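Considered here are two forms of the same protein chain, supplied as structure tokens in two stand-alone entries, structure 1 and structure 2.
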Structure 1
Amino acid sequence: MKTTRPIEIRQIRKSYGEFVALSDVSLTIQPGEFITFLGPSGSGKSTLLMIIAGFTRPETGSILVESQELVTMPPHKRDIGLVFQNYALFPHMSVEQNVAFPLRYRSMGRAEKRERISRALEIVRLEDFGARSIDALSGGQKQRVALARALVFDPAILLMDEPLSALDKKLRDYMQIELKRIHREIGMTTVYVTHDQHEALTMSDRIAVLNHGRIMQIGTPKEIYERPVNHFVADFIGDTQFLPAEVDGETARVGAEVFRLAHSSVDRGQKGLIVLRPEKTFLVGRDEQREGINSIECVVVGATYQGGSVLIEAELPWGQRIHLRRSTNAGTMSTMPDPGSGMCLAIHESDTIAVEDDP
């Protein structure tokens, strides 16, 4: 890749009248990395992308690439490939003309241009589609052409704004794997914007979770999922439930029990929330061994058979109801608790984390 130095984004601030779209956002994008901006709509993720591309102008901020300031540079000098959700292909040009478009503005021999175009079409596996008109392509093919067009000039950064959300689910899953393959093959620095957590977890080297114009957390998919730093991140990613707790360093008081914590972002003595993921939560009998396990008494109130799993609903002493899943193999089915039976809701100590409650 061209860029061997990180992209330093510093103190980007943007507001629309009263509404603050981004407040002092800073992050560093490593060369060759696939980074995803993940957040709900209105979180500022697309605004940040458009600021990097140069179509939205922030009030303040700096984007440095190899000590060159991008933020005051016009879009066409930034050397950025851009892919939109609606493809934004030029319908009056053929596939090949679309892919050739960025090369008009770059001086290189005719042979090299042809070589680059066919290489780009090869990467997206549309070798034989060069002469086609845009109207004759399917949605997935259009997205590939848009990608080839954004890659053909070997840009410093590739920006993608929800590129797969216009595709149906099956195609979307396939394109996720394809995008990942292409990223592995040519290793371009990629900034990807999505509201789809599954997409973000599948594809990214790192994820930046945004909310209300701020970066809530930035880290690898595993860090984001396993070690969320606050209520928003824990809640936004995964099918999460919370137990109220009083955190005291490495332990937390939950109801009448004391849980040992693997990780906590809560100050000593503060109220916090224990993060429960359905796949990490399970039931144990009240008289069973509980070594290395945090548990709290509960009563099973219902079980719903859902094919691959059984959804169990359990009520805690203070009336809160928690859902958990059990797979439906013969082993688990034979020990399925009956409604009304008293059990313990359990979670491994190494899976137990506490986050701050929202102020």
Structure 2
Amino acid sequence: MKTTRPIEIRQIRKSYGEFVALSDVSLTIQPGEFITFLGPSGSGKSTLLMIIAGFTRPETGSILVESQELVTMPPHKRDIGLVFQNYALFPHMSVEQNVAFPLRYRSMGRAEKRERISRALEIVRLEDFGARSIDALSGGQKQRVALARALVFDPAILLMDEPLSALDKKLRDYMQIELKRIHREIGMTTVYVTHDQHEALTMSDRIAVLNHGRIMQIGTPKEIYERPVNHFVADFIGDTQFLPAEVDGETARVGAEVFRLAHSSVDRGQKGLIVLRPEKTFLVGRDEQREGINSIECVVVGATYQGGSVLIEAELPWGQRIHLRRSTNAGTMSTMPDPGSGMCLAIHESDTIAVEDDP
């Protein structure tokens, strides 16, 4: 059975002694949504997942699904599939036996069980691996077996706790695409936990960014990346640098220059930070026309070749150094500025946002 109503998480609080893991966390997860809890170690993301699963009990708060309270419900009655970071497979069982395990204590005929097992293996593209032993599988195959086992009983909610962290980068990138495909195919409400921003941006319908037990921001990947609400979110998502600024409504003073802002979360007259992404920042000559562009004088310090791009370092008038990235397309290297060149660091007005200078 799939959930047809939102999962309502209301004012969840959990502490361990003096450490507050979650502080009045509230959010709504839509039916069929792939939502990611993203944050650094100790942010509370896994604790929140374990509370939804039923393995951790909050001190206060409520989780409602289909008008049922989950907080007081035993884990085995929550109709939740869970994929762990370490796979948690039975090494003495075959692939098929591992996938079949959740069906042992469910009332259904042998034919239906066979059909469900076949369907789960087909979804994860392991239909020809049923007889194999777990030890004969690669890391990615083991992860897909764990996923098939979580899906085989058709749970209402799928929870995934950093399931790709043990894989190498190439395999992790492949599995991100696979998990996105599977979610698109089955449409199951999925809650995913990771500290990897690239995973979150690649796979999610929405991302909830957590820090110190609180939700900093919830939004689509584009909203989180393009419109972070504070310093922490902007710094945690992407390769981010900041320029100190004094914000005055739709403009901000940066050094001796005035930048026009596309967006700001800073109150008028307050100090803030201009968010710089290396791929959105570029260099222009000091005498070039700059309509629609914010810029400030700088001196090129050096450039580092990195294969598909060159990382340029530039120094601003007050000594701060900024990195920007330039593609190594044909002709790029021949036009690269020399160290010591006087240029202007530039960013389009449409890409210029200011956030609060919070710790």
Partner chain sequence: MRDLHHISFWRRSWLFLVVLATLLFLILPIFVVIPVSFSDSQYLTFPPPGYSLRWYSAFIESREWQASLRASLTAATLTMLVATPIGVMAAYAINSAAPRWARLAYGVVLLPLIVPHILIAIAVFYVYIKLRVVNSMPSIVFAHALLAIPIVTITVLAGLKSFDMKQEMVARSLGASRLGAFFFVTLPQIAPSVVCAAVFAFATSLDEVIVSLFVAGGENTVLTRRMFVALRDAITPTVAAISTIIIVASLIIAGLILLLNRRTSR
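Numbers follow structure 1, counted from its first residue as 1. Nothing here was measured: the structure is a model prediction, and the numbers come from that model. In this text, the rigid core denotes the largest set of C-alpha atoms whose superposition between the two forms falls within 1.5 Å.
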If only one of the two is the form predicted on its own, which is it?
2
Large Cα shift (2 Å or above) at R106 between structure 1 and structure 2, core-fitted
yes
Core aligned, does the CA of S41 move at least 2 Å between structure 1 and structure 2?
no
Give the C-alpha shift of Y305 between structure 1 and structure 2, in Å, after superposing the two forms on their rigid core.
2.3
